[in-house]
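Only one chain comes next, encoded as structure tokens, the form predicted on its own.
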């Protein structure tokens, strides 16, 4: 039987990191759709993030993106966050928007462009120092569109050289999280296309380099929970970028496309100790809310992660182990399905009430009046970071 008190304790201690860019205007590569009341600067993004945390009780960390969240005074931004009960999480670098990066950033054949890209990454570490952030999150759009366009192996050498320089700059309590993406915008060969490539680079760098699993960055049919279990076993799972995709892209709300997959992933997290603070796994959202209201969508996303986590915690580990040892395939599967099919909403409502929160975070946000306040009080909100 599952210890319900332990389940409740785990749910209360869960921490989910929300992305600053999810609060701003965003859209597709064709058009940015503007909404009323969106933030005009990083400070207002933190104000909105504080509303998500107030409603859910489990979202006290906010990831920043540089240069989209660049400010003059990062210590002041940190103080602004702390005044609202927040901390600043991963610093996300951007080496994919400048014209210079058309042929790549750290893997570009031009040494001057590589130096520029490395300078930005090192600037992000400086920002980590000022904000108290633990994680530098790296994603590279680097790659090639055509066979013969560049030397594939040489690009890996350039990537390794840049990563090593950044790794050496990290402080004792800092780490780098290397993300991967199967394709897009590099359609022939992406320089960090999969978890194996990311893992190989991180393994060579050392313990302060770990892999980020973005749940939308895989080929159809990929067993993401296998990747999660493997990386946890090796001590190389640094965090998640939670989102969903239906076809070839991502950034939709986590759990929207395949909630069963999200449950399977979080079961492996629970089983392999990924919820324990000492493992350091960061549970981050990486989403853009283009047609839905920003703050309610982020609250719903946090709730989706909570619900999948609660179901994963309810798996009867003893019964599952017994069935597995007995070779009882159907019973083992049934144990998992029993947990997945459990309606955990009453459990989570009760846990929130024990924390002094409204049992329904969506209702709590509606009742707060914050949406009406920002719609009437903010004019000219900024986009998340790209133009269209």
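Positions refer to the first chain, counted from 1. Quantities reported herein were computed from a predicted structural model and do not represent experimental measurements.
Below, we turn to the form predicted together with another copy of the chain, even though it does not appear here.
*Asks:* Kindly indicate whether 43, 122 and 350 are, all three, within 4.5 angstroms of another copy of the chain in the predicted bound form, using heavy atoms.
*Replies:* Per the other structure, none of 43, 122 and 350 touch another copy of the chain.
*Asks:* Can you check whether residue 345 is within 4.5 Å of another copy of the chain in the predicted bound form, heavy atom basis?
*Replies:* Residue 345 belongs to the contact set for another copy of the chain.
*Asks:* Are any of the heavy atoms in residue 320 no more than 4.5 Å from a heavy atom of another copy of the chain in the predicted bound form?
*Replies:* Yes, contact at 4.5 Å.
*Asks:* Is residue 357 close to another copy of the chain in the predicted bound form, meaning a heavy atom pair under 4.5 Å apart or at it?
*Replies:* Outside the cut-off, so no.
*Asks:* Does residue 181 make contact with another copy of the chain in the predicted bound form, using a 4.5 Å heavy atom cut-off?
*Replies:* Residue-level check for residue 181: yes, a contact with another copy of the chain.
*Asks:* Would you mind picking the one in 174, 87, 156, 279 that has a heavy atom within 4.5 Å of another copy of the chain in the predicted bound form?
*Replies:* For this set of options, the contacting one is 156.
*Asks:* Pick from 162, 77, 253, 128: which has a non-hydrogen atom within 4.5 Å of another copy of the chain in the predicted bound form?
*Replies:* Exactly one residue meets the criterion: 253.
*Asks:* Just one of 291 to 299, 130 to 138, 79 to 87, 166 to 174 has residues with a heavy atom within 4.5 Å of another copy of the chain in the predicted bound form, so point it out.
*Replies:* Among the candidates, contact is made by 291 to 299.
*Asks:* Which of the residues spanning 146 to 165 lie within 4.5 Å of another copy of the chain in the predicted bound form, based on heavy atoms?
*Replies:* Counting only heavy atoms within 4.5 Å of another copy of the chain in the predicted bound form, the contacting residues of 146 to 165 are 146, 147, 148, 149, 150, 151, 152, 153, 156, 157, 160.
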